[in-house]
Every structure is written in structure tokens, then in C-alpha cells.
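As a starting point, one isolated chain is supplied in C-alpha cells, in the form predicted alone.
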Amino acid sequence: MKMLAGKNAVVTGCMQGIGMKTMEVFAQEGANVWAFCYQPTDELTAKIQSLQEECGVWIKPLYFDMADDEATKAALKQVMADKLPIDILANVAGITHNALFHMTSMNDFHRVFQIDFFAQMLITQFITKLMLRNRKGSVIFISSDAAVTGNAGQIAYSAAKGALISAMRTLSAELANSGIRVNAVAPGVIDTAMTQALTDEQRDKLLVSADIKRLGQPEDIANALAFLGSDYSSYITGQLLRVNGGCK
């Protein structure tokens, strides 16, 4: 029996990296997916077609800019128009900004918080209202280890990801009695486009405190999201799962 068989999931940030891998793992585990993406690419289109054929599920891509609230609302209305129950919301989409505090403008803060926090609150508010109709669901946010330990040069990113942790715990307390669980995953150093921009020295510095001396892979995070979206985690809510190779 596949872990997510028969479930319907909304996954954001599916164009690349952890989001694309989450879409893939969810489909392989039997879930249908509304795939929120910034824009179409040949790689994404081919991936969606392949997964649908191989896994026997449907994947519906919706293209929009999460910096645009009206475009986000329009995409959400398309999900609602399908009139299907929503079992899982995986808030994966995110951006970063690398600069020391005094070199980070207020515009930088607003831009990062718009994608990494405000847009996710808008999406979560809408989707959980639909989940309430069936009194069940699992919401998962992608936070970051930087939100827990701090990371010099990433104040906007770590602050926005920290806000997600606080929101997750509050939403868990509010929604548990309605059958909706809310959790977050805090990845460590994951081998994505974000970390590929780092030098070897910067990556080594980030990994120095890890017990497992390698970069995490997108599937390490996607597998954690699949578990938290499944019925195997039915007694888990309000928790932050650090998937970081043992970083202290």
C-alpha cells in the first residue's frame, strides 16, 4: 500500500529543487497533486507527464507569481473549482537573500517575507478553510535550520522561516480539534540551486557541526514531507522536524 494512496495534495514551489522532488515523491506514493509553479519549463512539463504515466495519478500545474496576491487567489480558486477534498498542503516554495544585516534593505525584507511567509499564510488560510469541510488534513511548512540556530548573512531568510515556526505552532493549537494537523520541516544544508551557489569553503563551514558529513538531498526532505502528510503521522502536530544530518 502506497503511503499517500488516494490523497490529494497541494504542493508549492514545484518548478525545481525540493518542490519538484516533493511532487515526484507524492506522486510515487499515490497522491494526486495540484502543482503550484512560478512558470512552465520543459523539464517540469516532461516530469509531470512522466509521473502521471508511471504512477497513475493526475498532476495539475498552476502557474503564477506568489509575490502577486491576486494571482495567488486566482490559482486557489481554480483548486476550489475542482470540488475535490484536499488532504495535504505542502508549503515548499521559498526564496533567500544573502547579505549582512546592515546591507539588507527594507525592500529585501519585504520581498523575502512576501514569498516565505505572507504568501504561505494566504495559501494556508484558503486551503485550510476547504479542509475544514471534511474535518481532516495535514499542513506542512518548510522552515530552515537557519531559523533555529541563526546564520550570519541570512537575516531576512532566517527571520521569515522563524515566523513560519511560530505560525505553525499557533495553527496547530487552533486547528487540531478540527482534524487538521500542522507541522514544519527544517532542512539543513540541502543540495539545491541555493547551495550550489556557495563556495566549497562556505559549504564546509555549514557542514562542520553535522554528524553526517554530506549535503542533504531533496528527497531527504520530500520523504519527510510525505511521512508528515500521511496517516502514519496521525498523532503528530505542532512539531518542527529538523532534517539536517545531525547539525547541532
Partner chain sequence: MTMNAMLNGKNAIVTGANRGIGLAVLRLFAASGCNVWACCRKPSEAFTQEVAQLQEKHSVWIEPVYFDLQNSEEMKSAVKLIREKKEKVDILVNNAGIEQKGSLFQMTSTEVFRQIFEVNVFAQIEFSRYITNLMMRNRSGSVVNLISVAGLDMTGGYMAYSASKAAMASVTKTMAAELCSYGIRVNGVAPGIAQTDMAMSLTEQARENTKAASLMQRIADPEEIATVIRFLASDDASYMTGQIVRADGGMA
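In this text, all values refer to a predicted model and were calculated from it rather than measured experimentally. Numbering follows the first chain given and starts at 1.
There is another form of the same protein, the form predicted together with the partner chain; it is not shown, and what comes next is about it.
Within 4.5 Å of the partner chain in the predicted bound form, all of A90, Q120 and A152 (non-hydrogen atom): No, the candidate spot makes no contact with the partner chain.
Looking at heavy atoms inside 4.5 Å, which stretch does the partner chain contact in the predicted bound form, given the options 168 to 176, 68 to 76, 152 to 160, 108 to 116? It is the stretch 168 to 176.
Could you tell me which one of L44, V189, V57, C37 places a heavy atom within 4.5 Å of the partner chain in the predicted bound form? The option sitting close enough to the partner is V189.
Contact label in the predicted bound form: G6 to the partner chain, heavy atom within 4.5 Å: Contact check for G6: no, nothing within 4.5 Å of the partner chain in the predicted bound form.
So, N223 and the partner chain: in the predicted bound form, are they within 4.5 Å at any heavy atom pair? Answer yes; at least one heavy atom of N223 falls within 4.5 Å of the partner chain in the predicted bound form.
Consider G17 of the chain shown here, and say whether it contacts the partner chain in the predicted bound form, taking contact as heavy atoms within 4.5 Å. Judged by the heavy-atom cut-off of 4.5 Å, G17 is well away from the partner chain in the predicted bound form.
Examine R214 and determine whether its closest non-hydrogen atom to the partner chain in the predicted bound form is within 4.5 angstroms. Yes.
Output the sequence-ordered list of residues from 124 to 141 with at least one heavy atom within 4.5 Å of the partner chain in the predicted bound form. If the 4.5 Å heavy-atom criterion is applied to the partner chain in the predicted bound form, 124 to 141 yields nothing.
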